[in-house]
Structure formats: structure tokens, C-alpha cells
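Just the one chain here, laid out as C-alpha cells, in the form predicted alone.
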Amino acid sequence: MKSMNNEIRNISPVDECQLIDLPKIEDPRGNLTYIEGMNHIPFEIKRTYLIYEVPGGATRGAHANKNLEEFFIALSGSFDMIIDDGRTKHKYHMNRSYFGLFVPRMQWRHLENFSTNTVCMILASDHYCQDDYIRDYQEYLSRRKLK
């Protein structure tokens, strides 16, 4: 039987989230950035989705995923990402299209402070599955054995 400390260690701590610089090819005609799964980010890309037209003061996210890994990029505008592992919180200001935030599984996240006309692109390690989402913070803490 695993001890509680081993179970927690097997779930990524918030420190395993990483800001990743993406290739930036500068050109007087306009810059180019590209992303390759299993090269620039540590998973194969199986789904891509966008968050946009967020009303002033609104937040997005407020959940964790049991198995899904994601990579967040501010394609335009800016927003703040709060990542929480139940013990520690980190705030990332996302405002450049040539870097993104890798978020491993079992990280509570919410997005806030969207500037006007922000477009956030998320690359995901798997197809959408409602059962993979934890939307209640107390349940999240319980699953992490932190309640």
C-alpha cells in the first residue's frame, strides 16, 4: 500500500508547470512561431481549442483534469493563469504568442484578467472527455489527499 506522501508525489506538483519558449523565426515580413507535439511540448497534440470574446471581469477554467495535459498560449491580448496544486499557487501572466504554459494533469487552474480581444489557444493531450474533469475544488483537494 502506498503512503499518502507517495500518492501526492505521483501527482505533479505545481512546480512541474513550465513556461516554454517556442521557436521564433523573425522576418521583416512578420514573425513565425510553430509548435510540434513531442518536440516543443511533452505530449502528442490530439485536440486544439480556443477561448475568445471573454466578457470583462469573467473567469474561465476553475477545474482540474485527472489525466489531460494542456499547453496554453496567448495568441493575442493577455490573461493571467492561476495554477494551484492544493498547497501552492503560481500566477502566470500570458501575453506573448511565442511562449506557452505547459500544465500537467491534476492541476487546478483558472484564467482571469483578460484584456480586450484576447485569444487563448489550448493544445490538449487527448480528446474531450467530460469524466476527466474535476469541477469541485473540495473534491479536487480530496483526490490529492490534501483535504
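In case it trips you up, residue 1 is the first one in the sequence shown, and so on. A quick note: this is a predicted structure, and the numbers were derived from the prediction, not measured.
The discussion below concerns the form predicted together with ligand TYD, not included here.
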Q) Using a 4.5 Å heavy atom cut-off, which stretch among 75 to 83, 49 to 57, 32 to 40, 96 to 104 contacts ligand TYD in the predicted bound form? A) 49 to 57
(Q) I'd like to know whether Arg135 contacts ligand TYD in the predicted bound form, with contact meaning heavy atoms within 4.5 angstroms. (A) yes
Q) Does any residue in 62 to 95 get within 4.5 Å of ligand TYD in the predicted bound form, counting heavy atoms only, and if so which ones? A) His63
